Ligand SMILES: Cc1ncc(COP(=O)(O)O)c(C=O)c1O
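In structure tokens, one chain follows: the form predicted on its own.
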């Protein structure tokens, strides 16, 4: 143990893992519940799962014994048709998380800085720290909007990347395009994470050819129900995309994921109808949550709602829900300690959630 301790990078000895969602299998063992009894609303997944065409294509595929296309040619062409961007600018990965990691490996030297806008997606600072970068945090305001003037004040010659989740996770709000444009005009590389684009329909994709410092990330985990296959993609300046293709793992997107993306995009109109069902249910759930005394539901353009527990202990609510087999997200950080994030589930799941919260807070019948 002492010998291995000597070869570990000193700055990583206290490295904290990313706090991921609770596995239903873990809850099943802990509380003696079946998988069917667990209501999973903690990871912003599509509650309806992937399309039947995806399952059918996977079951019929005969070449899982062969490595997938390392150059992602068919996949990049499909994504090009979907985004309207030339395939040479597109790189896919095992989730957009991997692309964040690759960007850090490509651009960051130890001592460089990234600007992060918390509370936001935790993987930006996670990979920055792993790469030896300093994370400069510019806190969002009380409405979870970014502080544009403060961001500009914190830019230094060491600033390499600024990450903007749009819509933001976990708050669900958008950053105005004029703010993004002003930062782009500073010449710093800006990463706009549009993981929830299909829900918000807000994008800066049409700016890609006008800004050689704009990079956009997207995901198939949320809208397309492919979270378990881990596939995301990014749109980058041509030179950056070329370098990313050089340094990525050769088979970073497995054959099953490539098939699933292709089938999802072929049938995307059906997926968009599913997205619309989720958006309608988001409004219904938002209205129900707002009616609970002690719960302040924040407006959202994504497939989740951040709730502030104004008269109760958020950690207690999360634990009580877990005891009932209902998983929601709790972030044990100062700014979010009074908050829970709820993914939009099916109507019957959301009804059980709302009634459970009412009972926990003493409003039940």
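Residue numbers count along the first chain shown, from 1. These numbers come from a predicted model, not from an experiment.
Below, we turn to the form predicted together with the ligand, even though it does not appear here.
- Only one of the listed residues (282, 89, 230, 248) places a non-hydrogen atom within 4.5 angstroms of the ligand in the predicted bound form, and that residue is 230.
- 121 is the sole member of 197, 121, 144, 163 with a non-hydrogen atom within 4.5 Å of the ligand in the predicted bound form.
- Taking non-hydrogen atoms only, residue 172 never approaches the ligand to within 4.5 angstroms in the predicted bound form.
- Under a 4.5 angstroms non-hydrogen atom cutoff, the ligand in the predicted bound form lacks residue 225 among its neighbouring residues.
- Using a 4.5 angstroms limit between non-hydrogen atoms, residue 221 touches the ligand in the predicted bound form.
- The shortest heavy atom separation between residue 139 and the ligand in the predicted bound form exceeds 4.5 Å.
- Contact annotation: the ligand lies within 4.5 Å of heavy atoms from the stretch 213-221 in the predicted bound form, the single such stretch among 213-221, 257-265, 235-243, 177-185.
- Interface residues of 70-97, taken as those with a heavy atom within 4.5 Å of the ligand in the predicted bound form (partner not displayed): 95, 96, 97, in sequence order.
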